[in-house]
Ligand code: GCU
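Take a look at this one chain, the form predicted on its own, written out in C-alpha cells.
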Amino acid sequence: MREIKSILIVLLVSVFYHDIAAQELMTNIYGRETQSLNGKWDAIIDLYDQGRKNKIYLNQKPQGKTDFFEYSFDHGLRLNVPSDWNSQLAELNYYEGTVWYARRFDVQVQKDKRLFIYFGAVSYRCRVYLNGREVGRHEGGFTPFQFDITGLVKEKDNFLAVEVNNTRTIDAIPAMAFDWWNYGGITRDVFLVTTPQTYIQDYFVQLDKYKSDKIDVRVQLSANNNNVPVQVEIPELKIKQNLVTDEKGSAKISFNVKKLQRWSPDSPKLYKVIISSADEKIEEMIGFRNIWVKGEDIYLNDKPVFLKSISFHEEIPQRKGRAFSEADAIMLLSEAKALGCNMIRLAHYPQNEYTVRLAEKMGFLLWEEIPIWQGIDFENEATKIKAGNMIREMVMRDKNRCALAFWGVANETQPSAPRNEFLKYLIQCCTEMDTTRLITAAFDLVRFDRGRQVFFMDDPFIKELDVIAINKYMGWYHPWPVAPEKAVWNVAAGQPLIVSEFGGEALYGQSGDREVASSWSEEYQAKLYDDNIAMFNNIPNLRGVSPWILFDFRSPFRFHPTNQEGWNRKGLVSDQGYRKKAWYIMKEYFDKK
C-alpha cells in the first residue's frame, strides 16, 4: 500500500510540474535580449493568506457607486526588487508568511518573437500572475525559473503580481530548522527575455574531463527541429565549427585545440565563445580546465591541488540583508581573496549568479550545493522530486562555469536507507547533465575510538562520492579526547578528504581566557584554529580545509543575549567587517600552503 501511495505522489508531483511549474531554463540569461523589471514594487502583507481568495492579483478598481475592494496596491507599501523584505521594514524582520508584490510594465511586442519572464530567485515559493492570469508557480528559494508569457502581454500597462511565501514546512528544502536567516522576497533579478520563436535554449561548452586539448560542445534548440545549422566560435583560438541539429533539435561536436591556456586560480583565463543560429547569436566568456580524482589526490590541470577554502552565506552582515548585486559579490569575494583562498564553498545553497561569475573571474574554484541541510524528510517522495528539480536548476544555470569544481548533494545527514536512496537520486540528477565535476557531500559523523586512539567514520555511502567532506568542530562542540597534535584520523582512506567546517564562536573585541570556551573570546577562537591546524597534520588524505565561516551571520538559532544576539559568531570577520585574531592564523596557514 505504501508503495502505491509513493507512486501516486510522484505522479501528482510530475503533473504539477508539467502543467504549472517553470519551463526548462535557458542557459546564460545575462547574454540575451532582456528588459529589467528591477526597482520599486508595490506590496501587500498578507498575514492570514486571504489574497488569493480575494483575487487581489486582478487588481480590481471600483466601477460603480456600490463597488469597493478591501485591498489596494496603490499608495501603500513599496519594496525593493531584488532584495529581501526582512531588511526593508522593521516589522518584517522575523516575518514568515505571504507578501504580494506587484508592478506595471510596458513592453515592445515583437512579431515572430517569444517573451519570457525570468526570476533569478524568489524565497521560498511563489505564484506568478500576469494581467489577472496565473502563469506559473515555483518552489525553491535559491534557483532561477522562467515562464513563457508570449501572447499574454500587451504593449502598455501590463499588471504583474507575485505571491511570495517563505513559511518553513517539514517537506521543504531546507526544512523546519536551519542555521541561517529565513529571508523572504524576490531576492534576485527579474527580467523580461525576448527570443526568436525557436531559440538556443541550452549549450554546454567544456574541456574534456581528462584531455587538455579536447573541447566538447552540446547545443540544444527550444524545438525538435532537424537539420538546423548551428555555429560555435572561439575567435581567440581561431575555432569555427559548424553543426547540424538532429531530430531532437540537438547538436554535438568534439574537436581538438592548440595553444589552449587552461583556467586556474593563479591564471583565471576566459575565452569569448559565440553560439549562433540563423536567428540568434549568444556570447559568453568561458574558461577551460580539467579536474579529476586519482586515489587520494584531486588533480587540477594534471597537478595535485590543495583546496584553501572558505564558506560564506549570501548575506551582507553590515546591512543585515541578502546579498543580491555585483557590488555585494565584490565585497564578499574580496575578503576571501585577502584571506588567501583558492576555493569557496557557497554554503548552503546556490548563490547569486553575480557571485558565481565574479568568483570565476577572480580565480576561485567553487563548491555549490542545494540546502539538503539536516532535518530533511527523506521518506517523502514529493520532497525528493523537489530536490531533484532544484539540483537540476542549479546545474543548468552554472554548468558552463569552469570554476565550478564540486556539486554538493548534502550537509550533515544521518545514515539510513531512505537517505541513501534520496542522495543517489540527486547524484543521478547531476551526472545526467554533467559528468565533468566532482560530487561531494559534507558529513558530521566522525567519532573518536578510544580503544584505537583514532578518529573514524562509519558510513558506506561515502563510496558513492568523489571527494569526502567532514564537518568537525573539535574544541567547540566536541572536547579534545587527546592533544591536537596526537589526534590521528583514519577516515575515507583511499579517497581525498576535505575538512569542510571547523572553528568556534567569538565576539569581536572580546578578550578572555584562551582555555575557556564560555569566554566567547577572540583568544579562545584563535586557540581553536591553532589546535585544528595541528590536527590537520595527522590526516593523511587531507586535500583541503574550509573554516566555518568568513563572516558572522544572522541566525534565530543563536539565543545568547550578550554574545550572540541572533548572530552565529563563528565568522573570521565580524558582522561589522572587522577581522578577528583567528583570521590572521588562517591567513598564515593558507600562505604557507
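Since this is a predicted model, take the numbers as computed values, not measurements. The numbering used is simple: start at 1 and walk along the sequence shown.
From this point on, the text means the form predicted together with the ligand, which you will not see here.
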Can residue 546 be called a contact residue for the ligand in the model of the complex at 4.5 Å between heavy atoms?
-> no
Using 4.5 Å between non-hydrogen atoms, is residue 448 touching the ligand in the model of the complex?
-> no
Partner proximity in the model of the complex: residue 473 to the ligand, non-hydrogen atom cutoff 4.5 Å | yes
Using a 4.5 Å heavy atom cut-off, state whether residue 348 contacts the ligand in the model of the complex.
-> yes
Okay, which stretch from 521-529, 56-64, 534-542, 564-572 lines the ligand in the model of the complex, with non-hydrogen atoms inside 4.5 Å?
-> 564-572
When you measure heavy atoms, are 204, 231 and 280 every one within 4.5 angstroms of the ligand in the model of the complex?
-> no
Among 477, 480, 255, 210, which has any heavy atom within 4.5 Å of the ligand in the model of the complex?
-> 477
Among 412, 379, 459, 466, which has any heavy atom within 4.5 Å of the ligand in the model of the complex?
-> 412
Does anything in 496-524 come within 4.5 Å of the ligand in the model of the complex by heavy atoms, and if so which residues, in order?
-> 501
